[in-house]
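Just one chain follows, in the form predicted alone, and it is written as structure tokens.
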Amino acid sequence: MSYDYDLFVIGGGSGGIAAARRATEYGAKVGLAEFDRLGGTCVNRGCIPKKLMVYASHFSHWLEDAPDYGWSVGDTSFDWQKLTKAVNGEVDRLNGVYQRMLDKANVSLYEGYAQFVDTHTLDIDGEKITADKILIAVGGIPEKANIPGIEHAIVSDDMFTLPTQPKRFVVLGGGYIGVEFACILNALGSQVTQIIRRPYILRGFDHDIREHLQGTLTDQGLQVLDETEIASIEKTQDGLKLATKGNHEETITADTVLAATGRIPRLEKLGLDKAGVEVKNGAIAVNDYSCTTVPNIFAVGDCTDRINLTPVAIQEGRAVADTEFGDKNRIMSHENVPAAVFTSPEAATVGFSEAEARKQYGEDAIKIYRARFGSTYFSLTQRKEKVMLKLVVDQNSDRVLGAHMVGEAAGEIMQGLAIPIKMGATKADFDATVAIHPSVAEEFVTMR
């Protein structure tokens, strides 16, 4: 049977575009549908604009430390509107870059919603398109908790279009999105309260990261209400009135409430039932090759709810193209995927947490190497912030199973450590590596 396209991609985010471009390199005819701006969550409402805001927040710390290093700093001020205008301008530029990528790869772009008619047919705003293979890469959307008055809260997508900086800012949720925005606004001078259901932020990360980072952010003035939930939100003349319950029962008034309790796959309007694609626990079910329950339909990225990170979606998308069009039979390994939380200071991790390692290898098999100290930078400043570094090692094989860090440039450092850990490096390999001195990262090869 003849089809309009060899591959049709639903979703113009990082994973979908990566797959589309890679498939065209193998000679495939590819189409792509996107109802919103190209680039997906990462470019438009996530990684990139948020990281730019993180950079902006760093200046408050540098200005505070400058006199200790001999610099005279006069009156300073911060312009929220100038920042958001610049950030959104960069997003516009990147949208153009993604458009040129598709044009250069000869990928046909359809602006609109793609819905399944059957296993090989899609309806895009009334136009029928057929494809031999179809890839779903629609990402995820923020989810709001079922709380009375939650309609008055914003989600992370809205942070980049706020007309003014909220002076009283409340974050509901302790995941990386909530923690990053709490940290940004706190550094920019807002009064920030973070409400979390558990004792510590960043569920799923190594406990030492959670405890150390939370303590550091609290020292910076961020108020964390642990084991607490919002009971209700009421809009008043003075702002949003929040009633809390749990470990901290009080009333809080805020200008803005950010609901950051999680994200869910964006599956509405796809018509997956018409194609027979199975949805399990709210996400598209796939095998190791990102193939759904229908042999010619694939899914990658956040809509599969495996590891919801942009580089993971890109790798998954390219693996599908390599396997289906490049005859390379490749899967994307989800083991030892590094991750970073762009707070101030940063937190980063790769491999097993201590708890995961002890569960998998046994309590007595695991040896922990840990260091907490003040970096050379803080030796001259009034601020006394400590870094935390940690290695998780299997004593039977001497293999380094995990690395964790809280401190400046933790993400950059962890990217380098991810390579030897992925390759199976041992603690002896780390010990045999010459340190760069003076640096924070040298502690990873000198811990005893």
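As the structure is a computational prediction, the values presented were derived from the model and not from experiment. All residue numbers refer to positions in the sequence shown, first residue = 1.
The following text describes the form predicted in complex with a small molecule, which does not appear among the structures shown.
A heavy atom within 4.5 Å of the small molecule in the predicted bound form is found for one listed residue only; from Arg197, Arg370, Arg358, Lys241, this is Arg197.
Checking Ile154, Val294, Ala365, Ala145 for any heavy atom within 4.5 Å of the small molecule in the predicted bound form turns up a single hit: Ala145. Contact annotation for Ala260: at least one heavy atom lies within 4.5 Å of the small molecule in the predicted bound form. Taking the partner from the other structure, the small molecule in the predicted bound form has no heavy atom within 4.5 Å of any heavy atom of Gly189.
At least one heavy atom of Leu309 is located within 4.5 Å of the small molecule in the predicted bound form. Interface membership of Phe116, defined by any non-hydrogen atom within 4.5 Å of the small molecule in the predicted bound form, is ruled out. Partner contact region in the predicted bound form: 338-346, out of 89-97, 338-346, 277-285, 120-128, criterion any non-hydrogen atom within 4.5 Å of the small molecule.
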